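Single chain ahead, by itself, as structure tokens, in the form predicted on its own.
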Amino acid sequence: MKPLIIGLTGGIGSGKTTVANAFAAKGIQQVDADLVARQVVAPGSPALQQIVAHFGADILQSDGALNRAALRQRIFSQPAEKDWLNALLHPIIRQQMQAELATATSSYVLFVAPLLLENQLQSYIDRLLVVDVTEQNQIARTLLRDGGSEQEVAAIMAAQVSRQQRLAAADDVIDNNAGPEQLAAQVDALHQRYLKLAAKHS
């Protein structure tokens, strides 16, 4: 029996993690696409062994973990290498995500994916929940969290789908422009809605 799957996405700095944690506090399991992507290239994994065989051992850090910065530099200017890496990793990541979603035991499950729309992962989910903030808030919160410059944040935002596209695709929206109390109230309301939908879904 496949659980009801709620996709959770939002632009950089929108507060996806805060929202995901609020659902987790209610006992809702989640599958995090970024986490899965890191797990499949963990030290000792078959995927990492293939990456080392292809790019050489200097792609590793001294502790045996993948040197992501070195890998990014290697594939950045070489489309063929990027294609090779994607062809290797994407099927493994998708298989792992599907396995984790299928074995979730909470009433419904959150599929947390910052690039859910960009990577066309809608086929995995039953509903799409978008965490929405103004672009000014996105920039301010990201700078507060990560440092860097406004130009860098703007470049990341430009590489993601636009706020309008995200809202157009959404089944549900959490407005995260206000304070924690308003956020908690919205999560509570959606949790109740999803419990009802999950009961019908099963």
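So that there is no doubt, residue numbering starts at 1 and follows the sequence shown. Everything numeric here is computed off the predicted structure, so don't read it as measured data.
Although not depicted, the form predicted in complex with a small molecule is the subject of the following passage.
- In summary, the region of this chain contacting the small molecule in the predicted bound form, judged by heavy atoms within 4.5 Å and restricted to 37-45, 23-31, 137-145, 63-71, corresponds to 137-145.
- In the predicted bound form, the small molecule sits within 4.5 Å of a heavy atom of residue 17.
- The small molecule is not shown here, but in the predicted bound form it comes within 4.5 Å of a heavy atom of residue 178.
- For residue 190, no non-hydrogen atom is located within 4.5 Å of the small molecule in the predicted bound form, even though that partner is not displayed.
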